[in-house]
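Okay, so here's just one chain, in structure tokens, the form predicted alone.
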């Protein structure tokens, strides 16, 4: 059976609130209950179109990007990225930019250039849903990445292998699909690919223009050639397919799933967006194995919580909250990015997540609108309050034990009962899952 066969809703397996919430969390940063309910009514095709509309229909944010750059502050750049995620104009594009940031993990802690970091993320926005060949080529010319991996000191007389090694190991092929000789030859091809005045600069006098052989291809190769050769390898398709499956579907993809997605990727001309549209519309994506199989990252928890209640909050406050929870955008902990999943959770992290939502609902994370009381207006009976909170936060899908705990909280709640019950719902184990 083809795991990427299209999911076709039926009376026995409908496209319901559970499946819609799953799609909007995985292919974006979630959505409010009214938006989820609307998309359920409109059907699967409308929901898929919602998460991945044509890019031509998505308004540009160039002015705000330039404003973030003009301040010369990495905090402003982070706030701009959070603002984009909150706007949700193209959920899959924002989600993929988040993915690529972890994939080409580059940190301002070393680069020390907010402009370069902002432009790197803009490259993900522009090219991240297109052909991987073009994205990889652009990234090997990206000033932030070149600085991060020391290619500024890569010269014909003293080749530096840092960038070449990561191109193969972390960006395009994965371990075991290249040799040490391939790294040395690729490093030669990347000599002279430097940064000058914040821009990519090909220093010809520092470039090794002799013949090289990379992954079986011989010639006077340069960085563009390295990108093209690596992206065309069949190992690259499987490597990327596994990464996407781990990110969008399940932390432990199976071999037949990897093979199927790698095949779809090749069939679509290595177009990332087209490949992921197949994945997001598949039986695999909507399977029981995929549902709630991943743990929310701090970004998913923080940004998703605001979007889930259909609220507005200050991006700078959300940036700070994410950092407190262990995820500082534009400063991944290493070239491997964030490890995620169980690494996100600990007793301390659980308490911090609880505190964040309590502060958010109380207006201590910047002004939140609408307030909890407005969201649950009209629900006075404890069972109605508990049910409404379950729908808002967990698509109405809770275990019997969790439902009973939520009802107990609703019965005991006093004062701002809506905030109390919503907060209790976000503390449930189900809410921690993506």
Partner chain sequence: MPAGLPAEVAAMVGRAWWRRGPSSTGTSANSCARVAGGGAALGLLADGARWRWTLALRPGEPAAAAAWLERRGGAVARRFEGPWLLVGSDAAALRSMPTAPADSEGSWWQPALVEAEGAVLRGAVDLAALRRLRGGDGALLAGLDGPGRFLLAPIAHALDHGKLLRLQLVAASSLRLQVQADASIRGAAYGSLLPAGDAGREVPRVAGDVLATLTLDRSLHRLLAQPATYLSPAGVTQVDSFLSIADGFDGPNSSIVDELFGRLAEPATLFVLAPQLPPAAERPPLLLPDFAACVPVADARVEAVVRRVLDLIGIVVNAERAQRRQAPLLLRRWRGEHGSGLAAELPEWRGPGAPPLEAVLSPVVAFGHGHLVVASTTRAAERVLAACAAPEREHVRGDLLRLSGAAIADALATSRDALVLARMLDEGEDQAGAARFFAIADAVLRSVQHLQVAVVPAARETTVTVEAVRQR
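Positions refer to the first chain, counted from 1. Everything numeric in this text was worked out from a predicted model, so none of it was measured.
FYI, the form predicted in complex with its partner chain isn't displayed, but the following is about it.
Contact with its partner chain in the predicted bound form, defined as a heavy atom within 4.5 Å, holds for exactly one of 42, 67, 397, 383, namely 67.
Residue-level contacts in the predicted bound form: of 127, 320, 279, 313, one residue has a heavy atom within 4.5 Å of its partner chain, and it is 313. Across the proposed site, 28, 93 and 301 without exception lack any heavy atom within 4.5 Å of its partner chain in the predicted bound form. Per the 4.5 Å heavy atom criterion, its partner chain in the predicted bound form is contacted by stretch 148 to 156, the sole one of 163 to 171, 181 to 189, 134 to 142, 148 to 156. Although the partner is absent from this view, residue 199 contacts its partner chain in the predicted bound form, with a non-hydrogen atom inside 4.5 angstroms. Contact check for residue 119: a heavy atom falls within 4.5 Å of its partner chain in the predicted bound form.
With a 4.5 Å cutoff on heavy atoms, residue 80 counts as touching its partner chain in the predicted bound form.
With a 4.5 Å cutoff on heavy atoms, residue 76 counts as touching its partner chain in the predicted bound form.
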